[in-house]
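The chain that follows stands alone, in the form predicted on its own, written as structure tokens.
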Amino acid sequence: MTVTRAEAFAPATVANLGVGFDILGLALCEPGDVVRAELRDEPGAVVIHIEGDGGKLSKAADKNTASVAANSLLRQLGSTVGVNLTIYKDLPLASGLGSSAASAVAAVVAVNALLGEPLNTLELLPAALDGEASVSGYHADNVGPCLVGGICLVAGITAETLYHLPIPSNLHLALVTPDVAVPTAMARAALPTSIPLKTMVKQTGGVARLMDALYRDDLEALAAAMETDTVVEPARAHLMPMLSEMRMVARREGALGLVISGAGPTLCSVCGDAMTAERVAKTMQHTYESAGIAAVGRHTQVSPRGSWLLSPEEIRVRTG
């Protein structure tokens, strides 16, 4: 039977994990984006409809990460198939949760299914990266974990440089996203072009401590290592409203540590149980709102699954 329609979910991601700029990332259980792919008569992939973006995203085939990724996949396969894409955005834009990566990943997973799944999951990485690169450059710290799930070390932009890391058994995350857009280009422009050797040594030491904590399943050591960033956070702190205050609030409510999620402004707190994560998320949201800044707080965990094709029931639940 010919498949004429497929829908895929791709999760939000937290890149960098504080100290691991561009080399570490994890997938979240929620939220995420959904992309529907349907066959059409004309060749190539085009975006025909977007929901949840407030009208901000372009539908142009060369500007939307979903269509750029889908067309890259079609070229990779030498396919002349035509595809209509519908995007359901549940991720806020320019929020530090991997919104552009999620749309790109969901698109390639859906289109690959539409074509009979000629490629395995890792073989979809180049096309998804092409989509992400159209807005934020070639780096796989969002695309990698979004595609394959879990916590990833991203040592390059090819499948063989993507490494799965252990997921701590009691890791819960509290997130807060203030209503302040921080485009990736702006966040990258704030970074230093060079750093002193001593700073580099301290930063790499922090990454090593993070790896050690993951493999020992030591959540307190993990949170402490994540907070040792002396390069990126200081350069971007001015883009994150109330960063220092939020770190104090999170710790007061039981969080073990707090870092900027990706380029921000979402902040991510490390917690040891679901109740603490829920309390921290609510308190951080309330703190922002008390300061006159709209915000969304949520608590979640690391998703070992990454992206996946939606079943008919999941389609009804997620897209109505």
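Just so it is clear, the model here is predicted, and its values are computed rather than measured. Numbers for residues come from their place in the sequence shown, where the first is 1.
The same protein has a further form, the form predicted in complex with a small molecule, not shown here; the description that follows concerns it.
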Exercise. Name the stretch: of 242 to 250, 134 to 142, 202 to 210, 158 to 166, exactly one has residues whose heavy atoms fall within 4.5 Å of the small molecule in the predicted bound form.
Key: 134 to 142
Exercise. Please state whether every one of the three residues A15, D22 and R188 places a non-hydrogen atom within 4.5 angstroms of the small molecule in the predicted bound form.
Key: yes
Quiz item: Can you pick the one in T228, N71, T86, T184 that has a heavy atom within 4.5 Å of the small molecule in the predicted bound form?
Solution: T184
Quiz item: Of C271, L258, V34, A263, which one comes within 4.5 Å of the small molecule in the predicted bound form, counting heavy atoms only?
Solution: A263
Quiz item: Applying a 4.5 Å heavy atom distance criterion, does H172 contact the small molecule in the predicted bound form?
Solution: no
